[in-house]
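First, one chain by itself in structure tokens, the form predicted alone.
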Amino acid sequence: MLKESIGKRSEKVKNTIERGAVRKFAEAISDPSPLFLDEKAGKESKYGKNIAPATFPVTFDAGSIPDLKLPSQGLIHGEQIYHYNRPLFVGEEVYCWMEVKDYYEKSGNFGDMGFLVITKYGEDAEGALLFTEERIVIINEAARKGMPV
């Protein structure tokens, strides 16, 4: 159904890691780490500045993948895995894009389901890879029936 989407990717989008956004995110996940919130603690840390929480990239805009039309209902968040080359620093710009890596189908107790694997990439202004986020989106049978073939 979505196999033709494998390899398609979005254009890069610039995101800025703003101090206020990091504060709100840290509060939302109930993680008051001084590394995220306290400027003095950030300066005294091994990083020399404040960092963003590990799951902060979920807030980044990574554009949209052309011709990838997913339903607005019937999607299930299956899995999300982050890999980092270094922490993300408050104040830096991160350029993000995403790519469809795989699509496969399985049958189970709840009918046929599709599994869409999307990887989000984030790099710094010089083009060095900072992180990847692999996400699996599960498309239930009812949603699959309403999708174009």
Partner chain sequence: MKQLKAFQLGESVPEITLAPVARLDLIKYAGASGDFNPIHTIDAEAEKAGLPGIIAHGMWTMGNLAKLFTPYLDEGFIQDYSIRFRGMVFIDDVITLKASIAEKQPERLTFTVQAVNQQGKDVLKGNIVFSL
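Numbering follows the first chain given and starts at 1. Because the structure is a prediction, the values reported are computed rather than measured.
From this point on, the text means the form predicted together with its partner chain, which you will not see here.
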{"query": "Complete contact of 69, 109 and 117 with its partner chain in the predicted complex (any heavy atom, 4.5 Å)", "finding": "no"}
{"query": "Contact label in the predicted complex: residue 82 to its partner chain, heavy atom within 4.5 Å", "finding": "yes"}
{"query": "Interface membership of residue 33, its partner chain in the predicted complex, 4.5 Å heavy atom rule", "finding": "yes"}
{"query": "Contact flag, residue 37 vs its partner chain in the predicted complex, heavy atom cut 4.5 Å", "finding": "no"}
{"query": "In the predicted complex, residue 45 touching its partner chain (heavy atom, 4.5 Å)", "finding": "yes"}
{"query": "Residues from 50-78 in contact with its partner chain (non-hydrogen atom within 4.5 Å) in the predicted complex", "finding": "51, 54, 55, 58, 59, 73, 77, 78"}
